[in-house]
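Presented below, as structure tokens, is a lone chain in the form predicted on its own.
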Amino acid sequence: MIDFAIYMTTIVCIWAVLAISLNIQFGLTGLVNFGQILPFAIGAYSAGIASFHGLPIWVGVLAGLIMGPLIGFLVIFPTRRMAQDYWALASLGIAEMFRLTMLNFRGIAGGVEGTIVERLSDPRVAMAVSVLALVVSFIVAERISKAPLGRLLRVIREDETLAATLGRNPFRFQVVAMAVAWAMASAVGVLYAHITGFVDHGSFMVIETFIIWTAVIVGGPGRNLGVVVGAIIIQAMSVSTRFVAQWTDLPSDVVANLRLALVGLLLVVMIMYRPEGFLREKKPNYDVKS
């Protein structure tokens, strides 16, 4: 039971960081990113590539922290003049292109066979590092949200034209939000690789991005505590349904489909009856002194 609690805490913390990173982009800035699994995959594959080619661990960690925001900028820059719909589709397509590249070119990081990464041997250490990553990410996100930068990002979310009339360049601040979010996601991607001890394309499917989206929508877009709660709910559902295969004679693929159906049902119910999420975003109050 203790081992399961440690594993559950570790996984929840990782996915909560991913939810926070998406919330910075969507909930705070209004960027609709359907490829949020990409920076996570970049971080994990940075560790995998370093291991596959016999490089030190710190090289993979540093590469993950640098390449995540860098590739994010290369993704957002060509689409800066496009509508949000095109940005969403572009991010989705590039994430899938990255996954298929890692899958089909064995010389990069093992291809379809994946690659082994040095694993954190003590699960308690892995849990502690995951909790620390969540705490740091949450504090950073809260500081951004409550700072003048956060207020400006909300203006951009509501109306980019209004932000431009205030003398601000919306694209510049969107890049800042994206860079912070992708750095968070790629950092926990590196951590995830060293927790699982293995990196392959199967962990970075398109469906994983929509699991992150579900956590944000269920928890409450725009509120960091809300998306953490959403991540806890979604991962609790995901992990708990795995016991169904042990209690029944249902095949594992049926249980996996049942899990996705339950997540989808929860998403539909939330959109219909509580679209603001379990914890709705608090409207900031600004005291104007006369």
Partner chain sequence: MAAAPVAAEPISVGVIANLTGTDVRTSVNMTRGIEMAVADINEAGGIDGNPITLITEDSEYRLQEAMNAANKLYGVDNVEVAIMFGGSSLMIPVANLAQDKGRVLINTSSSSSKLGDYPGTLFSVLPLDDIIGKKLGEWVAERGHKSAAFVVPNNTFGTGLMNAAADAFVASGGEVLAQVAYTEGNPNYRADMQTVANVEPDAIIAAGYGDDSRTIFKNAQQLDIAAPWYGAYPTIFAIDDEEWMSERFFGVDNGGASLKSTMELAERYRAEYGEEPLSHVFYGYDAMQIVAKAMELGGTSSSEIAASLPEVVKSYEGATGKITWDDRGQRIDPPVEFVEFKDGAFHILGTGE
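Residue numbers count along the first chain shown, from 1. Note that the rigid core is defined as the largest set of C-alphas that superpose within 1.5 Å between two forms. Given the structure is predicted, the values throughout are model-derived calculations rather than measurements.
Keep in mind that the form predicted in complex with the partner chain is missing from the display, and what follows is about it.
Residue contact with the partner chain in the model of the complex: residue 211 places a heavy atom within 4.5 Å of it. In the model of the complex, the partner chain sits within 4.5 Å of a heavy atom of residue 196. The closest heavy atom approach of residue 11 to the partner chain in the model of the complex falls within 4.5 Å.
Within this chain, residue 115 lines the site of the partner chain in the model of the complex, having a heavy atom no more than 4.5 Å away.
In terms of contact with the partner chain in the model of the complex, the residue from 183, 76, 129, 103 that brings a heavy atom within 4.5 Å is 103.
Checking 239, 59, 225, 66 against the partner chain in the model of the complex, a heavy atom within 4.5 Å turns up for just one residue: 239. Contacts between stretch 1 to 38 and the partner chain, counted in the model of the complex as any heavy atom lying within 4.5 Å, involve 1, 3, 4, 7, 8, 11, 15, listed in sequence order. Put the two forms on the same core and the Cα of residue 57 is off by less than 2 Å between the shown form and the other one.
The rigid-core alignment places the CA of residue 225 less than 2 Å apart between the shown form and the other one.
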